[in-house]
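Next up: a single chain in structure tokens, the form predicted alone.
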């Protein structure tokens, strides 16, 4: 290990991360998972799809008949959970773990993402960028922090968006993600990717446009808001909570390329949050995330066994913790900027105090 590559104030835990990453660099992680767990059962996959669409549509029907707007607000929680479950199904489709048929994966993926108006191929390609560069400070597309010095050089509106989505507006983080990548074929480097994204965009425009038009015709703007827009935002809230927490914590670093490796990102830089069984069912085991990063083609219903196999092969390497709102609060109030001195996070207030100290020192 080259100490010159480490942050100036790297602590013992950071150094241990780098040592473990070096040790895992050439390990065949996927071979720890039994081959039988890669086998796909389309009936189980379709059952997950039906469960999530039933929850999503059932909640919206309940909203339509709710006696008061306050009840409708509460019903947005299961509606969003159903929408998030559908996204998790599209997630399997994007990785080819829903079925062995590319046509089936593409069709179901498109249908599952209608509630988010997300073009399937746009999401698939940008998500694969995340998989190839998880917690890489230069390349990851998901919740990548920036340093305070970079933030200070950003245009004003970009700073507002970053401040909002890294703190109490975190629930809209994936809305911004959608805004940046969903309808921009130029975002993707390959011609084939851009063509696929255009086809997905056309599907979303036609299908989504038809749904919104019919809602407007038969239920008015009230129906469009309560039966589509607000469930969409509720789905994004679930989306943002889950994806933010997967790879963000005070002691989980984003690494510069010189210290990063693909294997290390797969198993060391993910926190698997322990959900209640009912939530695991409705989110299709999305929180069993290290096994998914090691082998994305393992179907969601086989992830618990795949995770157990990884834990047996690499004891102590997989981070697990119970999900708590205290953890989420800690993340949104402390994990804001990348601190190049420690390799970890700074909060907005810590970064402000550091800048003030530097200014005072320079003045002296």
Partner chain sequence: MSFLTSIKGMFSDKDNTVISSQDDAAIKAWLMQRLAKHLKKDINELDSATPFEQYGLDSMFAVRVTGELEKVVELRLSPALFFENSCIDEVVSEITGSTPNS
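Residue numbers count along the first chain shown, from 1. Quantities reported herein were computed from a predicted structural model and do not represent experimental measurements.
Here the subject shifts to the form predicted together with its partner chain, a form of this protein not shown in this document.
Consider the chain as shown here, without its partner, and state which of 101, 213, 219, 132 has a heavy atom within 4.5 Å of its partner chain in the model of the complex.
After the contact test, the surviving option is 132.
Listed residue (152, 158, 250, 138) with a non-hydrogen atom within 4.5 angstroms of its partner chain in the model of the complex:
None of the other options qualify; the answer is 138.
Pick the stretch from 185 to 193, 224 to 232, 72 to 80, 289 to 297 whose residues have a heavy atom within 4.5 Å of its partner chain in the model of the complex.
Going by heavy atoms within 4.5 Å, the stretch is 185 to 193.
My question is simply whether residue 202 lines the interface with its partner chain in the model of the complex - judged by any non-hydrogen atom within 4.5 Å.
Within the cut-off, so yes.
Sequence-ordered list of residues in 256 to 273 near its partner chain in the model of the complex, where near means a heavy atom within 4.5 Å
Sequence-ordered list has one entry, 257.
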